[in-house]
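Shown next as structure tokens: one chain only, the form predicted on its own.
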């Protein structure tokens, strides 16, 4: 079986990984190096908490407008179809079946990361609490109590500040994890962005290629290829070194908006949630300034840029669109958390093991084949 996987981010890499394990010949189609699109992420894994992705929750637009007014976010990408789908999805609960599917994704991904680490922990995997520094701890606690995934948490103190400790968390190095999955998937590569996709074919670099199955895991570019409502929310990730090393990973939501993850060879500092598909990366300076405020003097090793692919309700789209066409996209800020599960679901659909989609695009008014 020959499979073309369009997109070499975390979901595409895991789809390639699981297809390869089933004996498929896999070729990645992407203009970037495999893993590069997902390298900017902090590497925080939140298996039983969905709050970070609920961008259609009541009150979220007000919070985002506040971020815009403070310069903590910006909008440079406007898709009228996405905005319309967002308006239709606003305040809507997807239902218990969808939440159970999310729980299953969390359980599967957690087990897979543990298995990979037990085989060889060459990607800095560790399970530890995630500390959230917020303005109003009591309000945050109430919101967590309403989270449909029922996360385990406790009130805590972190570096002299009142915080919420989310207990079912883990972290990894996105740089090292991407390398590990890429090496095990061992895919071929077409170094070009897909210009068109269809049932069993991909056009890239002006060349049409046929395959037994095509898996589109192209992040926000899925909207251009398939017309699905997936928007880019850009973020920046810095690998830094500093003598002031925090004792655990944390997110400073009260001030800088920066997430900090201490890893073996460096510290990852990430931030921003800009609806922005442009190549203007000037907001990265605000992330670096926030990192310096939290960590003191830092030596910057490098910077990566990522475009989180978000659907209007924060849930992914995973379905078969034709006899030989599968899509898996839209994990928003939980791409690494659910990467193994989404890759496995895409592979199962591609192999014909699963027929029914758990996260169809029909919820946005699109007719599912």
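Residue numbers count along the first chain shown, from 1. What you are looking at is a predicted structure, and each value in this text was computed from that prediction instead of being measured.
FYI, the form predicted in complex with a small molecule isn't displayed, but the following is about it.
Here the chain stands alone, but in the predicted complex its contact with the small molecule, taken as any heavy atom within 4.5 Å, falls in 234-242 among 153-161, 234-242, 79-87, 295-303. When the small molecule is considered in the predicted complex, only one residue from 315, 26, 40, 341 comes within 4.5 Å through any heavy atom, namely 40. Residue contact with the small molecule in the predicted complex: residue 180 places no heavy atom within 4.5 Å of it.
Remark: residue 331 counts among the residues lining the small molecule in the predicted complex, judged by a heavy atom distance of 4.5 Å or less. Not displayed here, the small molecule is kept clear of residue 319 by more than 4.5 Å at the level of heavy atoms in the predicted complex. The shortest heavy atom separation between residue 326 and the small molecule in the predicted complex exceeds 4.5 Å. Contact with the small molecule in the predicted complex holds for all three of 44, 221 and 309, each having a heavy atom within 4.5 Å.
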